[in-house]
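In the block that follows, a single chain appears as structure tokens, in the form predicted alone.
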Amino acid sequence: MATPSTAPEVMFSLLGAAHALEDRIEQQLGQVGLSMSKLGVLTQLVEAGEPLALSELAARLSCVRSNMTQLVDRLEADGLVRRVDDPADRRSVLAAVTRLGEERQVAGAHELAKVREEFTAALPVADRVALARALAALGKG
């Protein structure tokens, strides 16, 4: 494959690499019955150490509440979270991670680490440093 030289080629190359990495992560997480979205919610709940309001989860994961409601519905159907009443506000419902959800979060984190190791092994340190510098520069624009 030729090295991209023009700005559009570089942009499309970057997008292609991002999509390939996302596909690889989704494939690896799929082996433990998760997606990036599901792992994100489970990780937030595990790290919080307590049930969280769906609006709080949506804010932490930068998504709209209706999407979070649907995602929690799917996680609840999978037995990974359960809804509990908010003791501070009886109109509100919280999401609590189940024991199975905690186990699945650990398994998902392990699968994500495998992809990170593959990524690290595929790029020499100098290339990773250059990539990090380039991505940081792009993020400022």
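The structure presented is a predicted model; accordingly, all values stated were derived computationally and were not measured. All residue numbers are counted from 1 along the displayed sequence.
FYI, the form predicted in complex with the DNA isn't displayed, but the following is about it.
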key: Contact flag, Gln70 vs the DNA in the model of the complex, heavy atom cut 4.5 Å   = yes
query = Using 4.5 Å between non-hydrogen atoms, is Arg83 touching the DNA in the model of the complex?
reply = yes
inquiry  = Since only the chain is shown here, I'm wondering whether Arg91 would be in contact with the DNA in the model of the complex (any heavy atom pair within 4.5 Å).
reply    = yes
ask   = According to a 4.5 angstroms non-hydrogen atom cut-off, is Leu54 in contact with the DNA in the model of the complex?
value = yes
request  = Would you point out which of 112-120, 99-107, 42-50, 59-67 contains residues with a non-hydrogen atom within 4.5 Å of the DNA in the model of the complex?
outcome  = 59-67
query = Using a 4.5 Å cut-off on heavy atoms, which residues of 24-52 contact the DNA in the model of the complex?
reply = Ser35, Ser37, Lys38
